[in-house]
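One chain comes next, on its own, written out as structure tokens in the form predicted on its own.
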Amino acid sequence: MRRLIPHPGLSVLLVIIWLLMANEPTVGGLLVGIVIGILLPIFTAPFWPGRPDVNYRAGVAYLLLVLWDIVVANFEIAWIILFRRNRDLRPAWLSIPMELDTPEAITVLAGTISLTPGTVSSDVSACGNYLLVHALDAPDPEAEIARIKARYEARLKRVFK
């Protein structure tokens, strides 16, 4: 089964994207999406050596958490923009020590931080152990670092085994 579908998550994602691009779901469109979802990962599998095992159930839970955090952060940023003065903001550069060891997990963490309004990841240290993040309003930088580690990094450890 692993030879037929070397990247099951990618295969499902490709089928979904194909159906969304088709604008109108049809049986033929679904079949073409399935063919693309099977063939593309087979042909690209040699370029993905040593990929980590992914816990898809934990990945879906993580995705739902991130979507929720994006919605909440949008309201928080709107409140900051509408009701707080610039001089009351406490922007900060956060150096987040990471325990993640796979490039995929580090990329997902950096992407999550950048997608959440109010924060943006800007660099990974040369040793790969720290992520540099800018926060729009972080009155307590240490608490913000602890929140990111507990909320995102701990869950990503379960996603990428």
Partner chain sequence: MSGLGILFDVIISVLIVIGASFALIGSWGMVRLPTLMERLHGPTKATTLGLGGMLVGSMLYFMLGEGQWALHELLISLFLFITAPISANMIAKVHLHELRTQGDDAVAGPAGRPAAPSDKANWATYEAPHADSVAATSES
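Numbering follows the first chain given and starts at 1. What you are looking at is a predicted structure, and each value in this text was computed from that prediction instead of being measured.
Here the subject shifts to the form predicted in complex with its partner chain, a form of this protein not shown in this document.
Hey, in the predicted bound form, does Pro139 get a heavy atom within 4.5 angstroms of its partner chain? Although its partner chain is absent here, Pro139 would stay clear of it in the predicted bound form, with no heavy atoms inside 4.5 Å.
Does the 4.5 Å heavy atom contact test between Leu20 and its partner chain in the predicted bound form come out positive? Within the cut-off, so yes.
Does any part of Asn55 reach within 4.5 Å of its partner chain in the predicted bound form? Heavy atoms only, please. Because no heavy atom of Asn55 falls inside 4.5 Å of its partner chain in the predicted bound form, the answer is no.
Whether Leu65 contacts its partner chain in the predicted bound form should be assessed with a 4.5 Å heavy atom distance threshold; does it? Answer no; every heavy atom of Leu65 is more than 4.5 Å from its partner chain in the predicted bound form.
Go through 25-46 residue by residue and record those having a heavy atom within 4.5 Å of its partner chain in the predicted bound form; state none if no residue qualifies. Residue within 4.5 Å: Pro25, and no other.
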